[in-house]
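This document starts with two versions of one protein chain, written out as structure tokens and named structure 1 and structure 2.
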Structure 1
Amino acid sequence: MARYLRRRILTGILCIIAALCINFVIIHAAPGDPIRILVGKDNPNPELIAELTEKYGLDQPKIVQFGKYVGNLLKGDMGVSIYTNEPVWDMIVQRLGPTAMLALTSAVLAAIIGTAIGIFCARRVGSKLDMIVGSVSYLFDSTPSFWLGLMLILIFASTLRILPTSGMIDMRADHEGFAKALDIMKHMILPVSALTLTLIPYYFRIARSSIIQVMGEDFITTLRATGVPEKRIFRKYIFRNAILPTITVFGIQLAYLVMGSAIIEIVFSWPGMGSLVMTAITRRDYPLLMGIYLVLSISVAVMMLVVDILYSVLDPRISHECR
């Protein structure tokens, strides 16, 4: 198991390095000059442009820029934003917490609800309820998250006036402690609902199809023929085998939700990574973009490692192969 983990960690590190190189090439190859955007398009000062270009090392060859960036990165320095001159790590940390809160809550709720509904329908395949739930899941799967978010704002914020339209806290209130936590939870309801409703269909379909597939396996038929109770068969054999694909999807979606909730964050003015990504792209802020995508690469690699460990825990066959 230890050797397997070392091998997986090494693979994750290599993937992060590859992503770092690819991101650097793509970001710097994109049209647009961050310095010209910084100084403005009206009457730009050539001397100021040259000075800022030299200051941020953009006048050097790309390979030299990449080498310096990697060298600083190994020292724990992700650089400073070209536009705000703030440390990139500090800017990411300020936004990572709210985004992680939103993404983790949505992913967990969607996984629990979608998997539970999928299991329920899988045990009643072909029933009217199964067909109705399947149709509703396709409806939400085809609904854009930003449109759903706008509809939720229109209904619950603008019309009924029972929930806030945007933000993370009420800026006019001076909440502290538990009251502040309740205020944050109240502001999370609409964005979390929009994300959760669009994620549930994935878990529903995967859980349903996995349960149906495992229930049709020969060893399940054999267990039933030997008189093993149905509840024990489902709990010990069907569920443990069918839950593995759900864990894979959960790990991948949770990693990408850290950045993938950008549209929802913009719709609800949530102070997370979404608006930071869009701002960095608009300004061609190279160090900030590199830092954001590095965090995304690391989150994906870590979640894949966690998924592999959970696989070995839930499936003894995988555990045996790891040893």
Structure 2
Amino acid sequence: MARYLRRRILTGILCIIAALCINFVIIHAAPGDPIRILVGKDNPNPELIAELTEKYGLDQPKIVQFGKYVGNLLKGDMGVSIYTNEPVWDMIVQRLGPTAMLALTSAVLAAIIGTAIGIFCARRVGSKLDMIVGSVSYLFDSTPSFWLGLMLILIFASTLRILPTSGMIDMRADHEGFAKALDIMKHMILPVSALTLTLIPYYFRIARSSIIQVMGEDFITTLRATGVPEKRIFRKYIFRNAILPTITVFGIQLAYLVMGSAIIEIVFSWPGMGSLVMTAITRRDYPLLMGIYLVLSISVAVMMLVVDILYSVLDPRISHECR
């Protein structure tokens, strides 16, 4: 177990270092000068350009810039945005909340609904209903999330007019307390539905196939032969064994969801990480971009590590195999 853990942590750290390097190389090799954008194309004031270049350390050799960046990171300083002068960390933290709200809600909903449908179908393998649900899951798997979002807006917001089209709160209504929470919830319905619908097929497939797999194992046949009630076999033996892969998928999905929800956030003008990424890209705000990428990489690495550890605790065969 300890050896397995050490290996996994090492991989996680390597991954973050690789992310840092890739990040730095890509952003600094890219064409386009952030100082130029900051100064404005029609304002070639050489003194101002030189001053700003020096201020942000862009005149130093790349390796020195990289060393400085890593050094500051270790001190917990991610730098300031070239564009707004705000600390990068603060900008990211502000946006993490709304994104987490969307991502968590839809992940939990999708996991519950998808697993439930998966179990339902697994117990009726090969039936007409199973085939129909399977085909629908194909359909949702092939649907681009942004298009689904637009269709939901088209149906529920602009045609039926029962839900708001975009944003997180109604700016005109000055809600406080409970009314505000209710307002946010109302704004969440459409983006959460779009995300949940695109996530359900994953959980459905995993739950369905792992339950069918466990149902075919020898020990289940033995249990049946010894006359254990079918309900008890399902609850105690099949479900418990078959739910493991769902836990893994949940963890991995959650880590990627921050990025996955970005495009939905843009469709619904949700004030989260997605719109921050887009503004950082259009403004070529290097420190902000690097910060976002780093936070994402670390969160994915940590999430995967947690999932692996959890998995090896729940299923001891995993860490034994690694030896």
Partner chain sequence: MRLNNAIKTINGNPQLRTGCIMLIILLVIALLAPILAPHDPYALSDDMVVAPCREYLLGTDGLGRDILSMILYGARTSLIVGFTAAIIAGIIGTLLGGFAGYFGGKIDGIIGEMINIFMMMPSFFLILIVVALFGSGLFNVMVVIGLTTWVGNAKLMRAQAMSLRQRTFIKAAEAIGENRIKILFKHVIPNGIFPIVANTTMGISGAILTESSLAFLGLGDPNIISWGQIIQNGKSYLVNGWWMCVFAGLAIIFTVITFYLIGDGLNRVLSPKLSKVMFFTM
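If you superpose the two forms and keep the largest set of C-alpha atoms that fall within 1.5 Å, you have the rigid core. Quick note, the numbers are simply positions in structure 1, starting from 1. Because the structure is predicted, anything quoted here is derived from the model rather than measured.
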Note to self: Of these two forms of the chain, identify the one that is the form predicted together with the partner chain.
What the structure shows: 2
Next item on the list: Kindly check if the Cα atom of A50 is displaced 2 angstroms or more between structure 1 and structure 2 relative to the superposed rigid core.
Entry: yes
Notebook entry, point to check: Once the rigid core is matched, what's the CA displacement of D308 between structure 1 and structure 2 in angstrom?
Noted result: 3.1
Checklist line | Core-aligned Cα shift of I9 between structure 1 and structure 2, given in Å | finding: 4.4
